[in-house]
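In the form predicted on its own, a lone chain appears below as structure tokens.
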Amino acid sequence: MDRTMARATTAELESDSDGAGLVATGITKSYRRGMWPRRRELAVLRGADFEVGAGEVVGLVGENGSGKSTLMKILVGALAADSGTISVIGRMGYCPQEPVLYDRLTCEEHLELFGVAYGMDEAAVAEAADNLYATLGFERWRTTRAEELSGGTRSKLNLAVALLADPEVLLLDEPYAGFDFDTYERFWDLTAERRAAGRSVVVISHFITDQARFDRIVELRDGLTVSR
């Protein structure tokens, strides 16, 4: 496929991928660096394949500059691939490494705003918000503006926004970098609940410590994915 990326329909993926939540095949991406006549093309992804099945927790690791964040942005549609195909079943949630928040909005207002964007009704937003406040332990900050939150609480809100609509596939870029130990444990409890409910979770990180918490670890190396 010449510098395009196709998305298959749900029906196509169900018939071809045996229930997988996300399938990416042959993803390539290059960046141009420098000024003419010394401009050169840097290939970051050289045909990466990636798959996560329903109810799977998969870790994606790699060195700095290996293309992990580039692949993540392509998977969620924030960046166009040069070539390759991506197929997704259901709704996808994305939690970027750097919280994308509106400083003057409170936690409550963030969840209400994103609830509208997700097409959720008020009752569904309220129920989901209550559960997330309790699960992640930041209920006391409901009416606090994002600009007044600590780094750890901003990370919790960032994750709550991604989880609000209960996506079938959740992609997390360094999700627990700002968490204390209690929140770290809460995060893994939540991940275990999602796995039991048949939801897919992808965690991108520089390194994986608790490997037993993952079903599989995939490494991005030289622009290709390699199973560990």
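All residue numbers refer to positions in the sequence shown, first residue = 1. On a predicted model such as this, the values are computed, not experimentally measured, just so you know. The term rigid core refers to the maximal set of C-alpha atoms that superpose within 1.5 Å between the two forms.
There is another form of the same protein, the form predicted together with a small molecule; it is not shown, and what comes next is about it.
- [ ] Please run the contact check for T70 against the small molecule in the predicted complex: heavy atoms, 4.5 angstroms, yes or no?
- [x] Yes, T70 is a contact residue.
Task: Residue contact check: R39 to the small molecule in the predicted complex, 4.5 Å heavy atom - done: Flag for R39 set to no.
Open item on the list: Using a 4.5 angstroms cut-off on non-hydrogen atoms, would V44 count as touching the small molecule in the predicted complex?
Closed with: Yes, V44 lies within 4.5 Å of the small molecule in the predicted complex.
Task: Exercise: S66 in contact with the small molecule in the predicted complex, heavy atom 4.5 Å - done: Yes.
Open item on the list: Between T85, N131, T144, Q97, only one gets a heavy atom within 4.5 angstroms of the small molecule in the predicted complex; which residue is that?
Closed with: By the 4.5 Å heavy-atom cutoff, the listed residue in contact is Q97.
Task: Residue stretch of 49-57, 193-201, 26-34, 157-165 approaching the small molecule in the predicted complex, non-hydrogen atom distance within 4.5 Å - done: That would be 26-34.
Task: Core-aligned CA displacement of R33 at least 2 Å between this form and the one not shown - done: R33: C-alpha displaced by 2 Å or more between this form and the one not shown.
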